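One chain follows as C-alpha cells, the form predicted alone.
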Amino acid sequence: MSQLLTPVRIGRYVVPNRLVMAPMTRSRADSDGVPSELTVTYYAQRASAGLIITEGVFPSAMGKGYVHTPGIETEAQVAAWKKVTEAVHARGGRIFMQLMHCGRVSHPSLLGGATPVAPSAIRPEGQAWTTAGQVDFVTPRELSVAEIADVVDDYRQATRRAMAAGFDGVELHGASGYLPEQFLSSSSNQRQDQYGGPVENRARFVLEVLAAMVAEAGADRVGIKISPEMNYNSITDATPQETYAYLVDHLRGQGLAYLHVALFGAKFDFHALLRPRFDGAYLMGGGLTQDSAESALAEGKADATVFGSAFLANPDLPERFRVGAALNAPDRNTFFAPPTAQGYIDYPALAAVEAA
C-alpha cells in the first residue's frame, strides 16, 4: 500500500493520509475580507486531504496584503469561516487556518490609507496587488516595541477567533517575505533593540507569536510554515543555515503540531538540517510529485507531504493517487480572481470524469 495513504499523527490528531493541502492564496473573498459560499464548497471538495491548510488569512486589518484576501478579525468573517469548517468536518476532514500578516508587503490603499508596518523602514522591491491593479510598494513604518506587543496580541486574538470558527488548529505563516520572516531575516530587519541584530533577537518575534497562539489553541494545534532561501517578496538572509537552525532548535520541546518546510530554489538541503532538530510532525513541501513524496516518506525525510496546485486542480487527489488516475492540469490564469467559480470549484472529480 502507498505510504502516502497511511494514517499519521499531526499534533493531537491522527489523520487518514499523509497528503496535506498547501495554503494557497486564491483572492476570492469580498472587499471586507469575508469568504463566500464558493469558499465553503472549495474546501469541502478537498476534505479527503489528510489535512487542509487554508489560504493565508489576515489576523488584523493591518495584516492585509492583497485585494480580495480573507480575514479573521470581524464577526462576519468568523461566521463565514464557521460554514467552511462545518462543511469540511461533515465530510470527515481536518482543517487548520494559516495566519498571514503581510507587514511591509502591502499598500496604503489596502489598509484604509495607513502605511504598512515592518521591523525596519525598508521598502521592498516589487508591487502590491490592489483594487487599482499592481502598484509599487511603499516604504513601511517601523514598529515600536509597544506596537510589536500589540501585533503579537493580534495573532493571539486571531487564534481565539479561528478556534471559535471551528478550526482544528492554526498555522503561523513564517515564510514568503511576510512579517514574521521580515523580523527573522537580516536584509529586512536592521533594528538595534531586542528584536534586531543577532539571530536570537531576530527570532524573538516569531517565538513570541507562536507562544501567543499556543496559549489560545494548545501547542498540539499550532504549526508553523517556513521556507528558507525562497527569497520571495524581496527578502534575503545573510546566514540562513544559522538562522533556521536556531529557530527550529527553539521550537523543539514545545509540543507543536508540526513544522511545515517548503523549499523553492534553496541551494542547500534544509530538510536534512532541520528534520532532525524538530520533534513533532515534519511536513515537506515544494514541487513534489507522487513519486518524490513516496520516496521522501520511505526514506524518513518527512512524516507528511504538502501539495499545492495538484490539490487546487484535483479536489480528490488522494483517490487519484490511490488508483493511479491522470491529474487535472491547473489553470494558472484563474489562480487569483474575483469571487467566481471558474478555476475554483469547477475542476472535475474523478467520478465525474469517469461518468462522462
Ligand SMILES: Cc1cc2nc3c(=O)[nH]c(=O)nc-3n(C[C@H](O)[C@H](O)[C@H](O)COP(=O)(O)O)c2cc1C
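Numbers follow the displayed sequence, beginning with 1. On a predicted model such as this, the values are computed, not experimentally measured, just so you know.
Just so it is clear, the following notes concern the form predicted in complex with the named molecule, a form of the same protein that is not shown.
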{"item": "Leu19, heavy atom within 4.5 angstroms of the named molecule in the model of the complex", "value": "no"}
{"item": "Met100, heavy atom within 4.5 angstroms of the named molecule in the model of the complex", "value": "yes"}
{"item": "Contact test in the model of the complex: Ala337 vs the named molecule, heavy atoms, 4.5 Å", "value": "no"}
{"item": "is_contact(Val306, the named molecule) in the model of the complex, heavy atom dist at most 4.5 Å", "value": "yes"}
{"item": "One stretch from 256-264, 241-249, 71-79, 205-213 that, in the model of the complex, holds residues within 4.5 Å of the named molecule by heavy atom", "value": "256-264"}
{"item": "Interface residue in the model of the complex among Pro35, Gly56, Gly50, Gly65, criterion: non-hydrogen atom within 4.5 angstroms of the named molecule", "value": "Gly56"}
{"item": "Interface residue in the model of the complex among Arg161, His173, His107, Arg94, criterion: non-hydrogen atom within 4.5 angstroms of the named molecule", "value": "His173"}
